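First, one chain by itself: the form predicted alone, in structure tokens.
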């Protein structure tokens, strides 16, 4: 059952909210006040009945207080949808999004339209709460250890960024607002372009500013697919300002706030990449169907094995596979010395989606590559390990 709470001293808005929730499952608990408590926990302790899913904040509350409170609530109860009644402006919409406010409604909204907004908010809350069904991921997050998925390749040009952005979007569907993709190709990262984003702040701001819980999300850019992105610097020269220890600390902080931290690394095995691998729980290794790419991956795996930096869970993806390439999947496996887990064919859909800034899994295309990418997302579910522990199963999509 949906559960709603309202904070306002505006009697008219309270009346409309009661009408809006009357036909929705659950109950409404109203707090008649024109101010918010100093701590989110103070409100949480006063709640009774069903678990809270939607918090409605009235138009008489101060905007600064609302944004502060919403950001704090987003930390302690990230599944809750916060709805704020205020006249939307571009600046307010951006600030509200960064603070974790899920929806803005006009102060004079009628009860029928408000009902639709609250129903959507409740559904979104239920979907986010369902992400906790990923028992392994949820329990790890409670311990401050979200999964770190490093997408890597010793060679460039094999579709690594495309895979990273699609992994993030795919995971965002099953763990909304609990996924962040980090662009660690510090000089020439393309995550922002691949997601169609124009970030106001980048990893430079995160590396040079405070990294407390409330500041952290101000560096992120929200994406319509229900994920966050920490984008690469706009100026390649800024890469020198981002030290390896700072990157390691940043990833550590992100794992306390997100269920999945997807990292698009730079080609090669630089110091920043090694810092990622020290915390990575999952590694997605990408190579193309060409000899330099395969040999590069073989060398990279051997080096990391000697350094004991190979993540426990590893997925090898053969991207842009082509039967006319002159080598077969078995040739690739024989060279690598490890099995290939996923074979994705060369496709027109991928470069088109990259140029449009809309990942394939966001666009809902019916394409063998999209099917393969959805299969890749399945591998991050706990039940995959349980069902496929005994035998290796290569998946090929043509």
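As the structure is a prediction and not an experimental result, all values here were calculated from the model. Positions refer to the first chain, counted from 1.
Omitted from view is the form predicted in complex with a small molecule, to which the following refers.
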Check your understanding: Any of the heavy atoms of residue 72 lying within 4.5 Å of the small molecule in the model of the complex?
Key -> no
**Study point:** Close approach of residue 351 to the small molecule in the model of the complex, 4.5 Å, heavy atom
**Key:** yes
Exercise for review: Determine whether any heavy atom of residue 170 comes within 4.5 Å of a heavy atom of the small molecule in the model of the complex, and answer yes or no.
Suggested key: no
Practice item. Answer yes if any heavy atom of residue 157 is within 4.5 Å of a heavy atom of the small molecule in the model of the complex; otherwise answer no. Key: yes
Review point. If contact means any heavy atom within 4.5 Å, which of 341 to 349, 356 to 364, 38 to 46, 62 to 70 contacts the small molecule in the model of the complex?
Key: 341 to 349
Review point. Looking at 267, 196, 199, 296, which has any heavy atom no more than 4.5 Å from the small molecule in the model of the complex?
Key: 267
Review point. Which one, 250, 99, 121, 320, lies within 4.5 Å of the small molecule in the model of the complex by heavy atoms?
Key: 320
